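Just one chain follows, in the form predicted on its own, and it is written as structure tokens.
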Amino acid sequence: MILAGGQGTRLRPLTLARAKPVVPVLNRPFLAHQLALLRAHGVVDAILACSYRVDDVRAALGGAEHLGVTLRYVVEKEPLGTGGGVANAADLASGTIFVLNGDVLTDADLTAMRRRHEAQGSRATIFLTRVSDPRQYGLVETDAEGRLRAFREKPAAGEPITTDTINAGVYLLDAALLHGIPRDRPVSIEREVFPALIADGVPCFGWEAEAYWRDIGTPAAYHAAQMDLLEGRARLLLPPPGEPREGSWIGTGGTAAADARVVAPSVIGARVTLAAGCRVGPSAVVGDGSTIGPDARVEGAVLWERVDLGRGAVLRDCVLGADVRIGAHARVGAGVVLESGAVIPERTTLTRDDAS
């Protein structure tokens, strides 16, 4: 079960035009990467608990048969929170189920997590990871055997930090527990469900693993996740569309001038035009139908579909939504995020401070 009932407000302006589960990551819907992780560990039946721009997800993935899984949709009339979303889909679940937050990119070994869950006789197991600054996450305290002792959400300023171990947003649950969650109001699985299970003495354990993990819920994290995948810091479970070529992936139907350069690792979508003298990469993602103008430069940037980059324009370490137009000799710098349809005049220099 994948929890995707929110509106993706932290990821705005990118989610103003597209639902968070299907924002592109290496030119594939983000949800496809989560489904690929589940499929790699034998999970072929997935439920999406959702409420916002559901048609975007259906249009992008349908039933996900092409990914080797069956994806079913449970649509909330009103957002129910992480716990409420699970409860709303409880009637479709049985046995033991994985539950994933809809903004988590990880290559965690879910098979090992299941083995640990069964060996400990756990009814609720949480994937735990360590971070250098845990204040923005839910802290999880465990005893020497890994049993959950306390679940603390985002410590306030000045409040002591008791652990650097956080809730990574991947759970393995006895489906019978879902029926105890209220269905008539929003419920937080982190603030209400797990603390109640601990208080009731239900066997709940943490599972800590050395694995890649990132919450992609902000534009900076969304950009960083794609750089991590391109540069090999995260295991790529679902390759980008296109043909592998000299360390990059090149889509079909495009055209490239003889002196256009693609520097690995990069992803070039389908029907992309690379004009004379342009250079794309390293660490660039160019969406389908985009045009990179003469002598333009794209490095460390993520472009959605149909971006038009003018002559001599330069993009570095930024994110551009779909149908963005960048004028000739304009420069877009690190940390800038442009919503879909934005138009930047020629010879403009745009920095993160300007964009904010």
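Predicted model only: the values in this text are computed from it and were never measured. In case it trips you up, residue 1 is the first one in the sequence shown, and so on.
A second form of this protein, the form predicted together with a small molecule, is not displayed here; the remarks below concern that form.
For the chain shown alone, P239 is not a contact residue for the small molecule in the model of the complex, no non-hydrogen atom being within 4.5 angstroms. Contact check for Q226: no non-hydrogen atom falls within 4.5 Å of the small molecule in the model of the complex. In the model of the complex, the small molecule lies farther than 4.5 Å from every heavy atom of S266. Using a 4.5 angstroms threshold between heavy atoms, Y137 counts as touching the small molecule in the model of the complex. Contact with the small molecule in the model of the complex, judged as any non-hydrogen atom within 4.5 angstroms, is confined among 210 to 218, 231 to 239, 113 to 121, 254 to 262 to 210 to 218.
Here is the short version: of T96, N101, T142, S248, the single residue with a heavy atom within 4.5 Å of the small molecule in the model of the complex is N101. The contact with the small molecule in the model of the complex, taken as any heavy atom within 4.5 Å, belongs to C50 out of L26, A46, L37, C50. Proximity to the small molecule in the model of the complex holds for all of L3, R10 and A168, with the criterion being a heavy atom within 4.5 Å.
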